[in-house]
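Heads up, the chain below is alone and in the form predicted alone; it's given as structure tokens.
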């Protein structure tokens, strides 16, 4: 651990601002000292990326695939050093670290498999019809080409799978875009170790210097300067609505606006039908208590909003959910700042008029450990008070009791865009679900049936995105092979000589 920035293949620490990461479990600072990138280092990283782009984008897919596989191998070679650093910077258990490492390595290898052929570029050939009347048709051949240098912001809650070598970085490199990571300050050590693996893999596989850089930053200035730099062509972000929207606005104000693909927040509504509650209320309550508290509720797909129609069964479910949730041991949150935000936002929601706190975990709670909380309100109150729509990042959920289906549909329609929606129902109700499905479909990127939203499978059919503010562009997913399309644009050749065309367009 050096605490330095990776500017291409070189380590650098020319800045004057330093900081340390924090172990929330022991409530102490970690020992490594990190140096924030200064203006010269920002400029050097972007200049190197711009120089690397013409070379990197034209490498055969098989060579970029070898690079991605080498990154995966180098990450695994970090072994316990990476796992222990991850745990020390997050308070998360070793099993979670190893699971996330597996997902990170799996994503890299998945994209390597994808780009070994050029099918991902969606080659489309429309041959000429020179004798067409009244106008001849030209020969047109379209495919996807990479955008240019990409800035990726590390996520606080996924130090591996959504950060330095996570899905944004892996997909951008796969597309042929050099990447500059703005490392998350809460896990800068984990970020540096992964950056060292990427740099080593790049050198071993003959990638151009500047194909990857990793910049430290305790504040927001480094990220702002990267997004505003004219040689940066796209941005990937996972985090808060406030942070993502600020970057989106900065990118839109540039002389040359660029896309920001930001995943920013979601309360993931869950609709539970009356028959489901009659038949298996206790089971659903137990399942959702586990989902709400999984990972201390620090997932973008945490079920923060549960919807049902007023009935004795719903009242019993609310009571059971509160009881089962409060029985689960308190868990450590990622950082004191995240814990403070959880307490503040949870208190703000639960203190609103016509809102009742059903249950709070009342066992012993150490510093930075979250007390789970279940609250409830009426459909009418939820419709009238936007503060009840606030995302509470942590083990928190609000149950909204609607008076009838009409009010339930109005509640769903009034939601901001969400990553997921869930329906819990019985087979004899399937024919009646169409209005709920149609209404949810307009508000979410994915609907789960008789399950929980926590857990995002990495595969082609996955959509991890949704209407704003779940993401800034609902046409794209941040997970799976299709996420590569964020970093590419369609391009056409017209009437080109055969010998000048790429082989896959001939």
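Residue numbers count along the first chain shown, from 1. Worth saying up front: this structure is predicted, and the values here are computed from it rather than measured.
Keep in mind that the form predicted in complex with a small molecule is not shown, yet the notes after this line are about it.
- Among heavy atoms of residue 154, some come within 4.5 Å of the small molecule in the predicted complex.
- In the predicted complex, the small molecule lies farther than 4.5 Å from every heavy atom of residue 76.
- Although the partner is absent here, residue 263 lies within 4.5 Å of the small molecule in the predicted complex, judged by heavy atoms.
- Of the heavy atoms in residue 184, some are within 4.5 Å of the small molecule in the predicted complex.
- Look at 428-436, 213-221, 323-331, 408-416: in the predicted complex, residues with non-hydrogen atoms within 4.5 angstroms of the small molecule sit in 213-221.
- Although the small molecule is omitted here, in the predicted complex all of 162, 338 and 391 have a heavy atom within 4.5 Å of it.
- Scanning 272, 177, 305, 247 against the small molecule in the predicted complex with a 4.5 Å heavy atom cut-off leaves one residue, 247.
- Shown without its partner, this chain lists 158, 111, 86, 288 as candidates; in the predicted complex, only 158 has a non-hydrogen atom within 4.5 angstroms of the small molecule.
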